[in-house]
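Only one chain is shown below, in structure tokens, and it's the form predicted alone.
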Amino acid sequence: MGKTRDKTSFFDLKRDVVDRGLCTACGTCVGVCLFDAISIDYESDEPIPILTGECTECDMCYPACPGKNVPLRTLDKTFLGSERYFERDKIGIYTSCNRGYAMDEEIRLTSSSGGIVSSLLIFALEEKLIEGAILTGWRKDKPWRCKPYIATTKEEVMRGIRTGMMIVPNNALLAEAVTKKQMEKIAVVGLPCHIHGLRKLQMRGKPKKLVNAIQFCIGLFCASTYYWEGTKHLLQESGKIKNLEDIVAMDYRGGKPPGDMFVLTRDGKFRFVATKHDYVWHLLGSASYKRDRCLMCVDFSAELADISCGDVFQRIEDKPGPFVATVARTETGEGLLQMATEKGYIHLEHHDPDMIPSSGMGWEAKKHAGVYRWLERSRYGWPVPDYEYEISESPLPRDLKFPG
């Protein structure tokens, strides 16, 4: 009889996840490979992990991958202290639900929706709680695309303000930050899929050096990410930009919140492309260019993060906007928010958690449509991620708000 393998490899990951359309492009497999054997390639303009070195079958990438399975029940109990009931816990398990904004006027007015995330990272860096933060910024060589980077100063954090609606493999920089740059304390900002990968990594407890370095993670509300092809069509058809090489800078959230899409071209002109309402509800967000793996995701509000943040689209009576919905889920998250508030970096006030499922179509896209699509795919035997819970959905009475 042949010897039974007791360790997984990148080849298992490729067979069970990548080749079955379950890869989230979160970059976790790259970030945990201490042998630098996995890289991110852009096949059809979409990030995908590929083997560029020798796989040692070290059993690191496959167990940390959130593409094939996200054991939500176990992760909830491990990091949040209890299990959830899908139709009751509409935004997952949390300790407090707030809304807020950055006290620094520049950060508040230049960010997408209030500057809480940027302010928390700047606070943590300036107070020496972390040495670096992994987040998303614009590429210098292709300023219409985004990439992950490591910020170590306020100025570097500000580079990540108002980035794009495309998947970026943030977790791919874990090993670079910890093993190459020798950082002992880092934070990671990411979408639900990034957080899923981080929590699987932390629950397993290895690579230990990476696990010990992650001080906290901030998750962003996410209705979906979109294929770059959709944005390309917007730029070339609606924006009348024939050559992307003419773009010097790009902004998905320019102008008055919730923001519109603009580009700066080499001739020095600012060009309007589309309103956020039009490009989200009538092209990208209408499912036309939603990434297929996102259509199977059931996590809208980054339900495993220490702190989850997202837009508040409703008008708050007698309150100047914009606000950031800021949900604390762990003691670490609560402590960070309290310290940042006391130090004058952010302002927080109570936010009704029932307002989050009514704020735009993001919650509906994940918690109803995503769940239903998962159930339908399962019925036909199509590839779906395993969430460990028995998930379900039903209509929710609410006053749904669409951002203009």
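Residue numbers run from 1 along the displayed sequence. All values derive from a computational prediction rather than experimental measurement.
There is another form of this protein, the form predicted together with a small molecule, and it is not shown here; the text below is about that form.
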The stretch from 214-222, 124-132, 227-235, 330-338 that lies within 4.5 Å of the small molecule in the predicted bound form, judged by heavy atoms, is 214-222
Candidate spot Ile116, Gly164 and Gly310, all three touching the small molecule in the predicted bound form (heavy atom, 4.5 Å):
yes
Candidate from Met250, Ala305, Leu174, Val324 lying within 4.5 Å of the small molecule in the predicted bound form - any heavy atom
Val324
I'd like to know whether Val168 contacts the small molecule in the predicted bound form, with contact meaning heavy atoms within 4.5 angstroms.
yes
Using a 4.5 Å heavy atom cut-off, state whether Cys97 contacts the small molecule in the predicted bound form.
no
Using a 4.5 Å heavy atom cut-off, state whether Val263 contacts the small molecule in the predicted bound form.
no
Should Ala187 be counted as a contact of the small molecule in the predicted bound form, where contact means heavy atoms within 4.5 Å?
no
